[in-house]
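This document opens with one chain alone, in structure tokens, the form predicted on its own.
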Amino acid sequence: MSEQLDSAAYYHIAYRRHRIMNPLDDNRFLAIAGQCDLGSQSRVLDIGSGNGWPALLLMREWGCHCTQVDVSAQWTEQASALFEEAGLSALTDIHTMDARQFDIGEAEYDLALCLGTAPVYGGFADALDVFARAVSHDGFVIIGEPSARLPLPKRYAQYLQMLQWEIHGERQLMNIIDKKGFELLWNLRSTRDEWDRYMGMQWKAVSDFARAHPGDEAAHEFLDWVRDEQEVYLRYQRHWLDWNVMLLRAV
């Protein structure tokens, strides 16, 4: 992966056809959210809300209010259009900003949602510190985080280190959850089919974009990036990494 490539631009292309921008099916997301006792008076905070699809699912199902925060104007504009089309704009406020600059208040939310964006706060443990302040006494946290089946193959471990991706083992995640004063209530682990669909949609989206823009040099550099990611995914990630969506509550 070239350090000169614009990763934000790449993912804006790669995720363009995703709904939930994680290896997670809509119905399985609703199953875990269904444990949070949500209703029309519930307040949800979605950090790294992306295109707004998870928030839309919650609103359709339970009529709750959702505050969405994402640094990408492309995604927040898409989310705004999504809610406008669904007639649900009154149930959300959307903020285009770095989540670290967003004032979460104190114990204001019934659910804090963070699907894969814990690194915005510095990592999994730091994100739990933030959400411990954000949710009410009986509130919940749904957080998505990868875990590794340790020990990893040496080459893959070196690759992750090069990218500065810190991925914990399952026992390490459990220790962090305990240390931060939460209990784990549910854990959904993405299936192989969910992983394959998630990655395949990215690969095809980048390929389609390059075909539609044959003179775009960056688009063809992104294709090289895809080939690198395909090799890493098929050789290592598919076998050694899991994606976990965890339901937590303060002890």
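Residue indices: 1-based, along the sequence shown. Small disclaimer: the values here were computed from a predicted structure and weren't measured.
In what follows, reference is made to the form predicted in complex with a small molecule, a form of this protein that is not presented.
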(message) Test of understanding: in the predicted bound form, would residue 85 fall inside 4.5 Å of the small molecule by heavy atoms?
(response) no
(message) residue 160 versus the small molecule, in the predicted bound form: is there a non-hydrogen atom within 4.5 Å?
(response) no
(message) Check residue 100 for me: does it contact the small molecule in the predicted bound form (non-hydrogen atoms, 4.5 angstroms)?
(response) yes
(message) I'd like to know if residue 92 sits close to the small molecule in the predicted bound form, meaning any non-hydrogen atom pair within 4.5 angstroms.
(response) no
(request) Choose from 42-50, 180-188, 58-66, 215-223 the stretch whose residues reach within 4.5 Å of the small molecule in the predicted bound form, heavy atoms counted. (result) 42-50
(request) Consider the chain as shown here, without its partner, and state which of 150, 132, 71, 176 has a heavy atom within 4.5 Å of the small molecule in the predicted bound form. (result) 71
